[in-house]
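Before any questions on binding or motion, here is one chain by itself as structure tokens, the form predicted alone.
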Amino acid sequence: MESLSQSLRRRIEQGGPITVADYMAEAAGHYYNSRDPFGAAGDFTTAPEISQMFGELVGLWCAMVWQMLGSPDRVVLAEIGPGRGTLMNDLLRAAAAVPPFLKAAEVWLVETSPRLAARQRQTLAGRDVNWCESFDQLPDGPLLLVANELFDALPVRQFEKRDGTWFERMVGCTEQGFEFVIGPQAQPDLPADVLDAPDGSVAEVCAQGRELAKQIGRRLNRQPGMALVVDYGHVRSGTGDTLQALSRHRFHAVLETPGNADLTAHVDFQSLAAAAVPARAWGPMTQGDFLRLLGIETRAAMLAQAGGEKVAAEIMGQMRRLIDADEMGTLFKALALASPTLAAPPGFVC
């Protein structure tokens, strides 16, 4: 059976270099359909896998937003890119504290990987959950949407400025392996201040992320609801090569053994918010501030008090990993997208 490296090499040899986005898309499709990448035994660990507190506080956030929506008898509670189902499982357990919300919630997971969907069914066994493969397949109705570490995995195009002109960065190949090459002249869809960057600058555009944000924005303008996006990235559009690969929790060469490492790029929150108009954007704010405002320190103290000294140390260590500036607290951001008429979401300020 032909490997992904062989398939990509043949494609490039026949048709010429491919975009970075095409390379990422091919690698990601193979990657997520061939393994469970999460946790200590995988390649990376997400916030829900670090601590139950993350999912519990997101569950609290959803319950409060449901109340803001007027406590409808039915609400579509959806997660896109749900990993192992850990976040949704913790969310629903916390939601049990608000029985009317739990009763109203029609749970949907948006997942394209059959392997991960099978794992989610194990995690959420005994719960009433629905699956679909794309956002536009979600049923109509008031919406609560969660996307944790989804947008960073979507393919980005890369552009490089030379002699005052922007060119698309492509992926070619030699006998030694894959390599970045300069492609055709381009006009990336970026703010003027980014386009004015000096020669040698690299810029990234995530068209798939913008399109998803656009779909979410249209839905929230048509029907009431909110979306919570948590991911790592930058507040404003800028320059920089942020493409990276992780394997076994260590950095991996981006163009080495495609499909066998997790490929991601920093999220451009400014572009997501702009694409989601007419939905209103709140934030982004740092993950640390967001979780503090939702009460993670109080929750951690409660969990620590219920256990022994060793458990207390573990709980406090998990909290620090989620909120400290030198851990996930600053690099990771929270962005809320909301129907235009709604007030500020919980944890966000004007």
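Residue numbers run from 1 along the displayed sequence. Computed from a prediction, not measured in an experiment: that's the story for all the values here.
There is also a form predicted together with a small molecule; it is not shown, and the following applies to it.
In the predicted bound form, the small molecule sits within 4.5 Å of a heavy atom of residue 48. Proximity of residue 208 to the small molecule in the predicted bound form falls within the 4.5 Å heavy atom cutoff. Among residues of the shown chain, residue 225 is not one whose heavy atoms approach the small molecule to within 4.5 Å in the predicted bound form. In the predicted bound form, at least one heavy atom of residue 81 sits within 4.5 Å of the small molecule.
Of the candidates 279, 261, 154, 143, 154 is the one whose heavy atoms come within 4.5 Å of the small molecule in the predicted bound form; the others do not. Shown without its partner, this chain lists 91, 216, 116, 243 as candidates; in the predicted bound form, only 116 has a non-hydrogen atom within 4.5 angstroms of the small molecule. Residues of just one listed stretch (244 to 252, 193 to 201, 165 to 173, 81 to 89) have heavy atoms within 4.5 Å of the small molecule in the predicted bound form: 81 to 89. No residue of the trio 12, 180 and 257 has any heavy atom within 4.5 Å of the small molecule in the predicted bound form.
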